[in-house]
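A single chain comes next, written as structure tokens; it is the form predicted on its own.
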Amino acid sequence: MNIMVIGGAGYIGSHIVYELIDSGHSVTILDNFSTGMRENVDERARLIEGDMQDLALLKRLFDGSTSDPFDSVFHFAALKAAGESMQEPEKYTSANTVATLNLLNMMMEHDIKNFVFSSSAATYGDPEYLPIDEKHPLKPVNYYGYTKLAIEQALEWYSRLRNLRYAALRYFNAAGYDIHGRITGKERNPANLLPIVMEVAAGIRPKMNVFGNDYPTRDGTCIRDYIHVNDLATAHVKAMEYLESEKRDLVLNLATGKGYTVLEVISESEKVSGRRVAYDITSRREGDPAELVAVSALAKTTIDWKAQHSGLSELVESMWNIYKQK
């Protein structure tokens, strides 16, 4: 199949590109390199530097004049900092909501009917029960989560009205690096726990903050469900192939069902790296639930997927292999 991957030079997108090409598909990457890195681009892919908000560029790419028609579009080009989204909702409206709706309209205009969407656990909000499954109420507590939910709702309507087939894949704390060592560019200005821990271990930053140690958990720090990015990549390819073969939509959690505390992540990182990870205990962050763990039973039954590389030790080792080089 001929695939367009928007944001294919980013952290998650670059792993998906490798998985797609390894699976025999042709890939065109569209990336504006605001956060993506050229060293992470699979040289087997066709690379277009540009912004998905450039509708004239999208039109040229989709009209078949520069390549064979695309069978599917993968979308990873979104802003993702929950805290920032609460301070700058206009920015997130433009980048996450308006830009994606324009993309969908352009796809409909050019009869591209398969869409794989990078959604988020943030669509659920505070957990009403654990582990979270796909039937959990959708009540996002930050504007970033709302932008993802708004697109999921639009996708459902486009499916009904325009015969779009879509997979909305809800992630739970993506982490790790390519198990084959092909992707080496590190995230810039990371906001997630594991890359921050790695930066402290590698000496890139002197210490980090642990936001609260008085939660009702086994050591007082928050518990999260981490998923290896190679496991995410496998799920994305399986989801696309399901859309093509079954002609049915998918809304799936991608998680492990097992959570680790912040201090457990730090301890494992110290063990793997042999370095001390200095941290300060600070006050809780607004909106952080004590525990967020999910199940992916539906992914197992629909696309025959479950996490294979998401144990904490393998996650940390795959990241330290990259960060220790600096």
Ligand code: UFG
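One-based numbering along the sequence shown. Since the structure is predicted, the reported quantities are computational estimates derived from the model, not experimental observations.
Another form, the form predicted together with the named molecule, is not on view; read the next lines as being about it.
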* Structure fact -> Testing 288-296, 56-64, 34-42, 267-275 against the named molecule in the predicted bound form with a 4.5 Å heavy atom criterion leaves exactly one stretch, namely 288-296
* Structure fact -> Of N213, N173, S159, T97, the only residue with a heavy atom within 4.5 Å of the named molecule in the predicted bound form is N173
* Asked: Of T234, S85, S120, T256, which residue is found within 4.5 angstroms of the named molecule in the predicted bound form when only non-hydrogen atoms are counted?
  -> S120
* **Non-hydrogen atom within 4.5 Å of the named molecule in the predicted bound form for each of M52, M108 and I112** => no
* Using a 4.5 Å heavy atom cut-off, state whether K80 contacts the named molecule in the predicted bound form. => yes
* To do: Indicate whether the named molecule has at least one heavy atom within 4.5 Å of a heavy atom of I204 in the predicted bound form.
  => no
* **Contact of L101 with the named molecule in the predicted bound form (heavy atom, 4.5 Å)** => no
* To do: Examine R224 and determine whether its closest non-hydrogen atom to the named molecule in the predicted bound form is within 4.5 angstroms.
  => yes
* To do: Note that the named molecule is not shown here; using its position in the predicted bound form, name the residues of 187-225 with a heavy atom within 4.5 Å of it, in sequence order.
  => A191, N192, L193, I196, M208, N209, V210, F211, C222, R224
